Ligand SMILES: Cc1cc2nc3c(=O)[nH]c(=O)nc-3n(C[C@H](O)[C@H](O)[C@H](O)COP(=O)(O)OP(=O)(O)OC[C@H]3O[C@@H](n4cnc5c(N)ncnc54)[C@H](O)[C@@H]3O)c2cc1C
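The chain below stands alone and is given in structure tokens; this is the form predicted alone.
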Amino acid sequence: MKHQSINKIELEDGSNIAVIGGGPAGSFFTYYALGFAQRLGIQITIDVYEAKNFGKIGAGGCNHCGGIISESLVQKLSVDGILIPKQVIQKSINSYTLHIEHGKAIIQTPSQEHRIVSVFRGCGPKGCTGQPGRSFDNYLLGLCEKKGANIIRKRVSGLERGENGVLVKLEKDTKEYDFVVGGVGLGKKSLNMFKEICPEFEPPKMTRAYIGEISMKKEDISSHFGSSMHVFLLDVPKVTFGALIPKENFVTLVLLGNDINEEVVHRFLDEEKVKTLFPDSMVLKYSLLCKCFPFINIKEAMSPYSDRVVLIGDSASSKLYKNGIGAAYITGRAAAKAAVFEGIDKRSLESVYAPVCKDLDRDNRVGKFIFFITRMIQKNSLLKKGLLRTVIKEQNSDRSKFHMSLALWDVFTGSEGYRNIFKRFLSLSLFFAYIRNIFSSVVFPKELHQKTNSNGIGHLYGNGEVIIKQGSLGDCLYVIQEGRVEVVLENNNEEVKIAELGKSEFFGEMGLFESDVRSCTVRALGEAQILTIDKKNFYESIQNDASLAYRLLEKISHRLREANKKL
């Protein structure tokens, strides 16, 4: 190892890292650390220890997760070259349906695209006939393996400080590493193992949630649930958030709140608004083939780092009452950036990684207030009716007036931080509209009409269909998820083919930097699945990784040279 000062410890050629836990947090750290090191010209070795087989059906391959990937995360992963394959996607979500005792309201996606996906973290629950290739966690581990990581299917039994690093103990072996990363979730035994080598570390505060898988026929899921995630604002004790997430042959029930137990689950399932979503012949509590009461993080850990050690994901900090995949991405990427670019000593991690965890913590404090207000609305029939009427009126009006809808969309999807969501709720026009609707007459919700034939992300274009028209205005980037497109320049009623682009390539990037019209026409060659990346998510990705701007400029320069040759 190379020391710049007494306490400074940096990665260098030949450094080795142990990542304990191969879930999303560990995988995201590994993927980005290997990428960052490659850009710096450093050769590092990463061993990922994961004893669980995510290709196994049932509890043995489960990773205790409802499995929703938010639209902002879908976009950021696509910018970084992580394109979620179709076989991993269980269902593309294009709306949220809000249920209260008095009716329902459908909140359509602002983008008019399929940008939210439901997945199985493992291969699937009991009774599933899925394949290992459908596991999201397996997919991420596969990306890490392609990057050069070693996946070791062994359980770590202990950690200990060594002379020049940290000793990772297995059942019959011990190996010393320069840096150890913990993506171990909220298992008490694993957290205590890290506490042995990280004395200031205090594990997160946690509570019990509930996840259950309800088996249904694919056609029944399409007819009863559509491509919508169903969210319930019902006055059920201990339940802060209840949702039904459609997948291919299962519907996932997720209940979040204060120590959910079996009695609370049965009470929720007995609610009329829940039962009416399912076929009349189903007895819900007997249809749950797979269920668990996993711990969730409700308050961040204290000092989840020390010299040569860092904890990430739920072990450190998470998004309050939100799917842990987003927090795994944020903390895993931040820890990788700190380790590669700054150092692996406590001071370096404190300066680069700790602020990310603290920012999540500050955001969660606002989230607690939002959920406090939500709980008050849940208990008041008049306030709930006003909320429902406001959403219904917005959904039947111009999109520029979607104040409540967009705020709730961000709450449900987790695409925005709680502070930004709170700012949406502070809109005066929203406040007065809500007050009016509390006392207005009843408005009945529109029926659910949605396309359910796409398991891809983005928008599906047919052969020859125009994606970008030369001369039109644009302010977003496009990423090809599947298929191919052609780029043509129109001049004096003639066309010159500039380029042909395929999977994972992007186009339309100039719309992000200038308010001018599009310089070329882009058409689909055969069917093409295309995802748009908005300015906000693109610039956030640039801020997190400045080398992304360099790669973009490199690609633009290459395209200009090729275009000049053809012209």
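None of the values given here were measured: they were computed from a predicted structure. A residue's number is simply how far along the shown sequence it sits, counting from 1.
The same protein has a further form, the form predicted in complex with this ligand, not shown here; the description that follows concerns it.
*Asks:* Which of these stretches, 492-500, 465-473, 425-433, 189-197, has heavy atoms within 4.5 Å of this ligand in the model of the complex?
*Replies:* Stretch 189-197 is the one.
*Asks:* Would you classify Gly66 as touching this ligand in the model of the complex, given a 4.5 Å non-hydrogen atom cut-off?
*Replies:* Yes, contact at 4.5 Å.
*Asks:* Please tell me whether any heavy atom belonging to Phe54 falls inside 4.5 Å of a heavy atom of this ligand, as the geometry stands in the model of the complex.
*Replies:* Result yes; Phe54 sits at the interface with this ligand in the model of the complex.
*Asks:* Is there a non-hydrogen atom of Trp409 within 4.5 angstroms of a non-hydrogen atom of this ligand in the model of the complex?
*Replies:* Result no; Trp409 lies far from this ligand in the model of the complex.
*Asks:* Can any non-hydrogen atom of Gly183 be found within 4.5 angstroms of this ligand in the model of the complex?
*Replies:* So Gly183 counts as contacting this ligand.
*Asks:* Of these, Arg308, Arg121, His230, Lys104, which has a heavy atom no more than 4.5 Å from this ligand in the model of the complex?
*Replies:* Of the listed residues, the single hit is Arg121.
*Asks:* Please tell me which of Ile296, Val264, Cys290, Leu143 lies within 4.5 Å of this ligand in the model of the complex, judged by heavy atoms.
*Replies:* Residue within 4.5 Å of the partner: Ile296.
*Asks:* Which residues, if any, of 149-184 lie within 4.5 Å of this ligand in the model of the complex when only heavy atoms count?
*Replies:* Residues within 4.5 Å: Lys154, Arg155, Val156, Gly183, Val184.
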